[in-house]
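Two forms, one chain: they're shown below as structure tokens, one block per form, named structure 1 and structure 2.
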Structure 1
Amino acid sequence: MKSTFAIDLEKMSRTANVGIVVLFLLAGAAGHFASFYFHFLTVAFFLLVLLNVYWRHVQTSHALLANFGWLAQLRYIVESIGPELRQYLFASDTEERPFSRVKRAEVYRKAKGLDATAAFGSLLSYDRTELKLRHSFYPVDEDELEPFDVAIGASRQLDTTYHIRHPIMISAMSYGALGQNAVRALARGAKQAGATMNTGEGGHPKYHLMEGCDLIFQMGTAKFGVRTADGRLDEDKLAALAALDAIKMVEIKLSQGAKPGKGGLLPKEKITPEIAELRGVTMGQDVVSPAHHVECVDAESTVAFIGCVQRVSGLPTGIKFCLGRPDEFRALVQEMKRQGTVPDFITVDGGEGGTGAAPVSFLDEIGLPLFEALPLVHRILLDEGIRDRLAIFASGKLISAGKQLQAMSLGADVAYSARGFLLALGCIQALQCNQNTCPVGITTHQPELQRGLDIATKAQRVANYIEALHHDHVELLAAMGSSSARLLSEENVYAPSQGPVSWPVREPS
């Protein structure tokens, strides 16, 4: 049966708009004849009438307000709190994006040092759409596992060779994208846990350096902190930074998963005088980095630039990119062989990676997913005979040990996470990172919002999260029958949606 009930918005709007005027007149009459206190209502309704007149007869920017007045305004109010309503009232535990409530809750509990077990079975779609790790009939005793150790720079026999001792590192998040309290809490937590942290492309890493953790200095396309006036590399500035004891590696960012082919973006709302000084930019306008390094216009110049950074810094040096065209990457690798210059590591960033700000078209429509890109990069490096000369770091929604081990099975040596650590700091996925209004004080520079982020408390949660992930790595590796993450291959991953597995077998090192 077809319903005959329908909402007549025009009639409802006329009723509401006339009703406000009537209520104003009634309140005025009651204040005159009954009690003066009714005039408080008179003033309130008078303001509503004035607003309605402005919306309907003065402003021209919003057609809805011009046509419907207060009814349209109520619609805007409800729309503005829609994410919160869905997050807390309507969305199920597994359907939120980019991270479901059940995934966020697991990170929260790990960060707080609480029991992160669950009951009654998985809430995920345990079917042919999901990658799964393969366990063994014959698990390894945990005390037989090798300690995690990936040496970066060893193939070049560098005196500055750096040993990564944790399977998870804190991915690139700059001071600018994050507020100073968040940066210091992450760095202090990394120091406590003995983990490594990437500085992001924010220029001189002032707040990262305060807490004494081991750092990877990221050089973005704008080269904040190490640039000349025309945007080229200032070798003296890079050498000075590389001489700092806390800086252990240099990462040249060629592109980022969330916005490959586009430079970094810091909205003007988040630029403070201090950030402008550290980055060497002006206040009051968005900071948009170039789409590429001015030195890097083809494979030959890009490899030459990698070699220059290796020479000037004297540190293990790698590149970061989101894969787009495998043939271009193969050509780059072949040029590396021709010049005899190989990066010490390659960071493969999945197109599903996060960011502080990016156009939606870049977030949604460009860049290969991590688990598609990793095997391609790994295969090309094997084919070209240089896989044993560098390490692969993987990033892109790797907030759990299971996902990190899947990445390692597909070719990675170490995993990065950014948003996992934001959750450990207390991120509630408010999706306001680009607005300087983060309600938990992480991605904002407003003092009144940062005040709620206690550095000592959150640093301990970061350390707890790292240790909990490490513990899960040990237990999962043992269950998989492997004594070391370096022995993993694609055979350790069940990929039903892929058909016959065609990923390259990873040669144990």
Structure 2
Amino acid sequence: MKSTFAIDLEKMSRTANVGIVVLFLLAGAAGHFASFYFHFLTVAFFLLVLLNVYWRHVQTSHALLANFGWLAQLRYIVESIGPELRQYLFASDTEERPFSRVKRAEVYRKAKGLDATAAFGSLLSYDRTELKLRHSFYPVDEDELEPFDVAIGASRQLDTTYHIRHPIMISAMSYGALGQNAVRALARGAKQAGATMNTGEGGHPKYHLMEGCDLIFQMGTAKFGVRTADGRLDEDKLAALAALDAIKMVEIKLSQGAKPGKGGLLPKEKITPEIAELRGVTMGQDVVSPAHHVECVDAESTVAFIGCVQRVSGLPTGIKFCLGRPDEFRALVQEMKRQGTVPDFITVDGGEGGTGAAPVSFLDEIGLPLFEALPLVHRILLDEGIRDRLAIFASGKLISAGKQLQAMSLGADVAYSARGFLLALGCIQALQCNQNTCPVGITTHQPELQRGLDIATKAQRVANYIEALHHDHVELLAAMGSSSARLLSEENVYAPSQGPVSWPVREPS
């Protein structure tokens, strides 16, 4: 059935195209015979007609414009401001992705140190499709709780054993993905709160070091900052970095949730003298981040490489990955046992993780979600008997204490967040991290845009956020009747049968 309201675009645009010519002639006549002021219109329509001729008959790259002319351009304009319109006017408070306005507002509130109570009820659809924490009939007093303390490296009796004192750490984001103000604000905030920050794979952490917080040095697959010219590990450079006071641990990145199994390319245009120096690359040529460390081609070589980094750095050393195949992970763990080399921690990054830039197909379609991967990793480590020799860090949208405790119940010891901290810095989710145009000056190197990011103010917000998360952590834990997150288990979460976790958690056969 043909709708009576159907718009005949072709007819309308034909009228529109002829219309502007007619209007041009009318304005010209009026300008000539009535008042010269009409010629303002004459000129405007003249330029529009010229433009329209170009669109209709010269250019070939826009079919809509060639077929319909200027009316179609209105569509492009409306389309180009669509995301803003939707964000400001039409999207409901719980529907935006990756973080809904409700979830973002919660981080902003914590970061600004505002009262975090709300009235009347939850704005989320509180139903059987979401993970929830289970509370106890018998809550404990908050002062009966053990202080949060996770010791990394203790099982190897390292004298560099590091104690993590907050349930949340700042996950890897490189200087490069972030501008220097953002890095310094995060680092200063971490310092203020006594929290731990990951440097990301941006090479020598010059700006992180300025603020004196505890750092986890991340070694990406290109080993920026500790690489030889051909991208292998430069042991001397790693040893020198590891000797720095601020650097407490090393994280070998095997993969990341937003783009597991994907390398990257640092185009030569982006390599400033500073970047070249910090990352240890030469100017004037593209640098490839391979999809895997050149040293790691199978379980055996990967475990050997972990052992090598542990030996060279002398620090607690772990690996970060996004889980793909549990059977591969089990084989890796068995190889660890065979060689007697166990990483001091494992970071499990959910496929929903964030990034400065990744192909959409990778963002959307590859990698296990955190709440599926985490229990698998935990269970395999238990099965193989090495769970007590290492800690599990978890990341993937863990921006509230509740989500963090859910992760801890499913096996994590400490939570990591990247985007939570960007929100604390004032991120408005403009989704332009890869364009150097971040309107709030976080993921940009343009001085004019970074100007708005005041390091002292934002550092305070970061510190507030960490402390508010810790505060919520304690309150929730008390309500769950548990004196430490260490004691949580799968029993402490409610996982709906059609929910995000296969339950009971098991390895697919």
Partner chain sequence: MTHPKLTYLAQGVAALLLLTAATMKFVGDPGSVDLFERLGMEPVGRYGIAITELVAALLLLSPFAALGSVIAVAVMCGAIIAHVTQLGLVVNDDGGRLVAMLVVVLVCSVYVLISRRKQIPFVGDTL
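In this text, the rigid core denotes the largest set of C-alpha atoms whose superposition between the two forms falls within 1.5 Å. No experiment lies behind these values; they were computed from the predicted model shown. Along the sequence of structure 1, residues get numbers from 1 upward.
Pick one: which structure is the form predicted in complex with the partner chain? Answer 2, the form predicted in complex with the partner chain.
Once both forms sit on the same rigid core, is the C-alpha displacement of residue 456 at or above 2 Å between structures 1 and 2? Residue 456: C-alpha displaced by less than 2 Å between structures 1 and 2.
Core fit, then residue 482 C-alpha moves 2 Å or more between structures 1 and 2: Residue 482: C-alpha displaced by less than 2 Å between structures 1 and 2.
Answer yes if the Cα of residue 283 shifts by 2 angstroms or more between structures 1 and 2 on a rigid-core superposition, and no otherwise. Superposed on the core, residue 283 moves its C-alpha 2 Å or more between structures 1 and 2.
Where the rigid core has been superposed, how far does the Cα of residue 72 end up moving between structures 1 and 2, given in Å? Here the C-alpha difference is 3.1 Å.
Provide the displacement, in Å, of the CA of residue 30 between structures 1 and 2, taking the core as the superposition reference. Displacement of the C-alpha, rigid core superposed: 6.4 Å.
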